[in-house]
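Two forms, one chain: they're shown below as structure tokens, one block per form, named structure 1 and structure 2.
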Structure 1
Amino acid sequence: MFNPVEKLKEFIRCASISTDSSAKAGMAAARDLVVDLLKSSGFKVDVVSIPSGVHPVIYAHRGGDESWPHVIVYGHYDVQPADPLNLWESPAFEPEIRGERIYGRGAADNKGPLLVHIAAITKLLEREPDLPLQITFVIEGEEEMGSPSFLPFLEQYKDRLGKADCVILSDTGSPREDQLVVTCGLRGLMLLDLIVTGPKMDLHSGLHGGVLRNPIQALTEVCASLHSPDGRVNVPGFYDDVLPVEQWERDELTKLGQSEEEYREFLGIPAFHPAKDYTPFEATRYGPTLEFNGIGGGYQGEGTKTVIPSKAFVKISCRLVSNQDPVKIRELVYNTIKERMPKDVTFELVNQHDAQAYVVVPPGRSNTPKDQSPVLARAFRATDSAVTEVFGNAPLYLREGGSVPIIADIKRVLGLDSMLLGLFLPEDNLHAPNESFHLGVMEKGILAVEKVYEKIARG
């Protein structure tokens, strides 16, 4: 059995930034580390390159009797860029342990949680080499760039993967180190860039100001129109397909154990501004959104430069809930922007990737599908038991506001549902400087996850 903390340090040192063409060595090093770990645990490993892709998928399989349960374990070995580097207290790719945390890019997303599953399965198989469980690892290197190779990979391998019973992963969060969450839903995603153009070149604001509409003004007027004062998205038809939240989900949310005031203080904001009919906690899990993720135009440097810019841009993302179609939402947003854009400027919409929302219902809830996989139900029960035993509290069953686009793809292509056990915490700073992973969660997580797979195998 390898030392998980030392192996995580080694993993973090691999600067595996999938979107950075200069990080090929880091991507290869991270991939090789995972391949070596799985091979040493007895898995047959293939590194699958998709012709249209950039970074390969790791496919590792432990077979057995066809009557054994078969689970797929998903993870990703790529990470976000580390910028801005000056805000890190220690170098992003030089792991450092401070207190109960290990700091470094990718520590929590997704290298630490992925190693929890690899370490737990390695430990379990060393103890029980004849464990009656088929296990397939599918670990990609493009999650942080929208998983462009993953759907073609699923199509290519669906005859093998479709024989599995369910998918298990840990790429979601939990609120506290002693209170884990089994994520039952993920929001979908629709991304686009809006570019507004005025004059054919930047203009002197003294010589030409007052004769034309500034593209920044046009852009911000449209952006401001996309929300109502009550916080709702002001796009006709945006909420038409939103389904009501089930009562059991609201009941679970009351067990979260964090007050709205504590949440407000954590965010560092003077007040909340959720959409009408949603509480702050409901808004982040059950409500759809339209957000501005970046905006620019004109002079951005120090001091002043009196120009009217030729162009201005904004990056927009919509988080979507179950039953909302990203294609339909994209069309609604486009039509609204087209209708509201001033006619004395031109604009262009650049489509980025999108994803369907995903919801799975734990066994015993009022709306649990009758045809739910028995192995998936067993995985839920095993997780409930193991987490309660190791962490001292039963897991909560909640939707999460983030998106893992490949989960909906897995459901659509393979027909498999997923169980998502959250192992990172709010303080772990995913995608931000000083990302970290709680070592106590890692240690207990390995114990709990080992029990989960053993219980799935033995029923």
Structure 2
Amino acid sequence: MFNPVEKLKEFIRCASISTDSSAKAGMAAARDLVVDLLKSSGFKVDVVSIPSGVHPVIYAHRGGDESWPHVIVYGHYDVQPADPLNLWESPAFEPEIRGERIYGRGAADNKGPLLVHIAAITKLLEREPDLPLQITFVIEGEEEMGSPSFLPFLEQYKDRLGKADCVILSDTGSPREDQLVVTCGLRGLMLLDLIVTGPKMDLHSGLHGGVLRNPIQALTEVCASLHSPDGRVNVPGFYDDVLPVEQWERDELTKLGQSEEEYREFLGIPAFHPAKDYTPFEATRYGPTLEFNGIGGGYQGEGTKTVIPSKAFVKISCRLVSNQDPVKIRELVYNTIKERMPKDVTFELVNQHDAQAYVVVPPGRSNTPKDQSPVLARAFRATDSAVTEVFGNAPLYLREGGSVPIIADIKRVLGLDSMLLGLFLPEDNLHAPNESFHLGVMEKGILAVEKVYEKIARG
């Protein structure tokens, strides 16, 4: 069995920035490291290049009797860019342990958590070479660039992967080192740009001001119409498919013990503004949103330029929950904008990508589907007991406000649910300088996850 911390150092040294075309060597080194580890543990490994893709997917399989449970373990070997480099206390790709943490780009996202699963399975298989469990690792190299190859990969490997029972991964967060969260839902996404055109060229506001509707005015009028004073999205039909939040989910959330006042101060806002029927903490996890991610038009420099711009735009994103379909939501938003846009300007809508929301209900909750995979249910129960035993507290079962599109893709293409065990902490600085991973969480994580896989195998 390898030394997990030393191996993580080695993994971090591979500068595997997927979006940086000059980091090919780092990508290859990271991939080789993972491939070697999995081969050493007896996996049959394929490095799968997708024609349209940039970085291959590592597909590693440990077969066995068809009757054995079969889990897919997901992870990614690529990392975010490290800049701004000058804000790092130690170099991003030279791992350094300070206190209880190991610092370096990718330490928490996703190299540390991925190694937790690889180490746990390696240990377990060394101890139990005949463990009755089929395991397939799917470890991509394009997560930080939006996983462009992942869907084609799923389609290509659909027959093989579709036979598995569920997916297990650690690419979400938990609030404290002694309180893990099993993420039971992620919000979907629908993104589009709205571009409004007024006059065909920028105009002098003295010579022409007063005769026409400024495209910024038209844009703000439409944007302002998209919310009601009660905080809800004012798009007819927007909430039609939103399922009510179950009482157990509301209760689970209160166990987090977060303070609204602390959260408000963290955000630095005078007051919250959640949609009605949601508390602040519920709003970010269980409620859908329509946000403006960016707006622009006209003169934005110092001082003044008295122009009436030809164009103005806004970038809109909707976070979607439970049954909301991004395609349907896009249509509703389109129609609403079209209906409300003043007729004295023109506009266009440009689609960006979208993602389905994802919800999985742990076994034994009031709304657990009756046809839930028994292996998935076993994975949840195994996780509950192992985490309770090793971390001292039962995990919380919460939905998260972010979006992990591949989880919904897996559900849609393979029909499989995922169990997401959060291993990074708020202090880990994901996507930021001085990213780190907590060594205590790593150590305990390996212990707990080893138990999880064992229990899934043994029942």
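Rigid core: the largest C-alpha set superposing within 1.5 Å between the two forms. Bear in mind the structure is a predicted one, so any value in this text is a computation, not a measurement. Quick note, the numbers are simply positions in structure 1, starting from 1.
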Two forms of the same chain appear here; which of them is the form predicted on its own?
1
Core-superposed comparison between the two structures, Glu143 Cα displacement 2 Å or beyond:
no
Superposing on the rigid core, does the Cα of Asp371 end up 2 Å or more away between the two structures?
no
Please check if Pro152 moves between the two structures, taking a CA shift of 2 Å or more relative to the superposed core as movement.
no
With the core fitted, just quote the Cα shift at Asn214 between the two structures, in angstrom to one decimal.
10.7
